[in-house]
Every structure is written in C-alpha cells, then in structure tokens.
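A single chain, nothing else alongside it, follows as structure tokens in the form predicted alone.
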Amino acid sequence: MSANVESERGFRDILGAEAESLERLVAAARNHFERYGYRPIILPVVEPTDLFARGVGATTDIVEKEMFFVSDGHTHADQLGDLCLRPEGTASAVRAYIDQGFDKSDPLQKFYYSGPMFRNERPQKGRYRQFHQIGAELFGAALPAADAEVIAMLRTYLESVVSAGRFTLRLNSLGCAVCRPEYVRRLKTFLAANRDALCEDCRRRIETNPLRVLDCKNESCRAILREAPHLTDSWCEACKSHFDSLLQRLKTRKVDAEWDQWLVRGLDYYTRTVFEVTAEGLGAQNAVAAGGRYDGLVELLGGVPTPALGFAIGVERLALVTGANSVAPRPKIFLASTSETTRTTAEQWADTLRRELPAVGTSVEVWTDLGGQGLKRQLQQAGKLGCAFTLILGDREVSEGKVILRDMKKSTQEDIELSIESLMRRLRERLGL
C-alpha cells in the first residue's frame, strides 16, 4: 500500500465549524463594506514578482525572505522566478486599478476582496504559509475624512463580529515625501551610533530600510530605540494638519484609537496614516488587521499620481478572537421514508422546505435518505446529525392521510395532516420562525 500524501507544512485543510466561521466572517465583511459603496474585485493568485519588489519594497521581509516563486517554464533553479504567489492584496489591487485605466478616467474607486495569500514564513498560532485576508482599498481620496471613514468602517465591522473590548486600534503618521527623508536621515545617524548594540537584522536595515528598525521585537533593540528621534518632530505642517484632523474626525465618530508614535508597519508603500488592530490572547503576533495610506504607490507602479488607502484583515486570526467554533447551529430536519413512493414525496417536500423555511441569519438544513436505508437507520442518522425534527413518511400513515413529526430531543411525536402546507405551518410553529 502506498503512503498517504500529506499537506505541506504551513498549508492545511479547513473544514467543518472552522470553515463555516471563516466564510461567515467574509460574508459579514462583504455586507458591511457594500454599505459604504465598496464593490468586489477578484484578483489573480499568481502575479509578476516585480509587482511586489517595486510595490511592497525589495528590502522588506516579504520580498527578501517570504515569497513563493512560480516557475514559468523558463526559470532556472538558481534564479528568482518572474512569477510568484501573491503575498498580499494591495499591490495587486493597484495593478488592477491601473490596468483598467481608472487612474486616468475615474479615479474615485472603492474595492474589497478576499482570498488566500502566501508567505514562506514559520507557521505559528493563527499564522500559516497559506492564509486568508479580507481587504478594502479606496482610490482617489486625499482628505483625512477618507482616512476616518476607512478606519471607522473597519472598526464597526470588527465590533459586529468581535466582543466589545477584545481589540485595540493604534495609529500613527509616517509623514510624506517632503518631510520623511529628513527624519530618515536623523534616524540613520542615531542607529549608526548604536550599531554594535543592535541585532543583526537591524544592523542590515540601517542602510536598506531604517524605518523597519522601529518595528523590531528584540527587547535589547527596543530598549535602545526608546532614545531614538521621534517621527513627529519631523512632520511638515501638511502632515501634522492631516493627522490632527484625522484624530478629531475619529473622536467625532466615537472611534477609540491610541496614538502610537512607534507604529511604522512593515511595507514600504505607506505614507502618512498607518494603523493596526491588535487583539487579546494571540501572543506576540497579535495583529488582526492593519492598513494605511499609500499615496505614491499608483505612480510608482506606472499610473497617474493618485491618493489611496486601505487595510487587510487576517481571517484566521480574527476567527481565533471570535471563536472558530462559535457558529450558531442551523436548524436541521430529516425526512425519513419507507418505500420508493414515500421517498419521492420526501424528496419533493425537502426541496419545498429548503425554499420556504428561511431562518434569521441562516437557512434550515433539510436532509433525506440517500442510501436506501431502513427506517431505524434513518432515525439513527437523524440523531447523529443533530436534527431537531424528523418527518416520518410511512406507507401506513400516508395511506391514512397523515405523517409523523418526531421531536428528536424530547423523543415525542405527533400526527399531522398529509400536506406540505400543514407540515410547513407546524414546523414554523415548532422552530419559532
């Protein structure tokens, strides 16, 4: 016998209650975002590697360490692939925005998307090599009112699926192309003076990506960084005004947010506003959502200069906070039959019940016998499925113009009239629909 083929480390099957929980988080996001005027966009899983090297940043961890490259049939084993599995959604959304010509014809666009992303990193709690994100991107809006609306949309969505008090929203401003270079110069001077006390990654980033040093989780580095120059001291008047207005608008909207002067995020494309939502109980990797403004990315990828901002939510991490098995069970009904004639009736009635018995927030789950089992086995199957009620269509009962409705939890039963109308009326009463 051949050995089983197992899934690759960091890739997994998701099924049962957890799969239902993830799907419902995505469905809730879709319904919520569309109230703000967002529309779906379906992005390809495979993209040009250069899209992320240019957009996310060639010196970021994502591009340097975490890409899954895809062979195009011409790439040698010792070369980076020209294609890759997408590690995030924003750069792809920007590419699509430019490809469709929106930057030239109709700049104001709102998109949302969901699906798998891929990063070759060490798997840990809530963090996998294939993971799922819900993302939203707003193009063509430069005012702080846009930042406030995007953050409020994220916050109200999370409040709809997460218990109150379970998460914290932090935000900061990274400045702009006018004022950030001066801060980077000051930061590099400080880091160079403390180079020997920094970890290997931080020493390497002094020249390639000094802002990423501020995001280091190494305790010895964090102790040194407490003395680093503050980004806020280098803000130009326009960036200061933008951030002050954002804080005021969030306060007006009653959105609680903490100003974290060390929050920088790990992607090169961010400008001005950045934000992150963290949750309890996830350990060191506790972010469930993050985003910010990326006003230069459309131009960097070849489009007309266009202000833009967005965010992404880690679906698996959010499910850990909400509870992967917290899906409310659907009401289940089993239609048992004892002959070919009654089986045909059961199948017809089952289709009618599936159409006509909606429940709040979900649907009634209706089962019939598909294996040609006897009545005893069908009742056992109904019990195993956790059905609330079983309708028994027996030949004798049908000949008498009635059927049996059995309460599976109470082990009681009653006769009802042989008609789908009578059955639906009684089920609505018993299910409280």
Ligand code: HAM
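Please read all numbers here as calculations on a predicted model, not as lab measurements. In case it trips you up, residue 1 is the first one in the sequence shown, and so on.
Another form, the form predicted together with the ligand, is not on view; read the next lines as being about it.
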**Request:** With heavy atoms only and a cut-off of 4.5 Å, decide whether residue 271 touches the ligand in the model of the complex.
**Result:** no
**Prompt:** Might residue 133 be said to contact the ligand in the model of the complex, defining contact as any heavy atom within 4.5 Å?
**Reply:** yes
**Heavy atom of residue 147 within 4.5 Å of the ligand in the model of the complex** = no
**Request:** Evaluate residue 119 for contact with the ligand in the model of the complex, applying a 4.5 angstroms cut-off between non-hydrogen atoms, and reply yes or no.
**Result:** yes
**Asked** Residues in which of 239-247, 330-338, 188-196, 291-299 have heavy atoms within 4.5 Å of the ligand in the model of the complex?
**Response** 291-299
**Item:** Contact test, all of 90, 265 and 317, partner the ligand in the model of the complex, heavy atom 4.5 Å
**Value:** yes
**Item:** The single option of 175, 303, 310, 210 touching the ligand in the model of the complex, heavy atom within 4.5 Å
**Value:** 310
**Message:** Please identify the residue among 183, 157, 97, 113 with any heavy atom within 4.5 Å of the ligand in the model of the complex.
**Reply:** 113
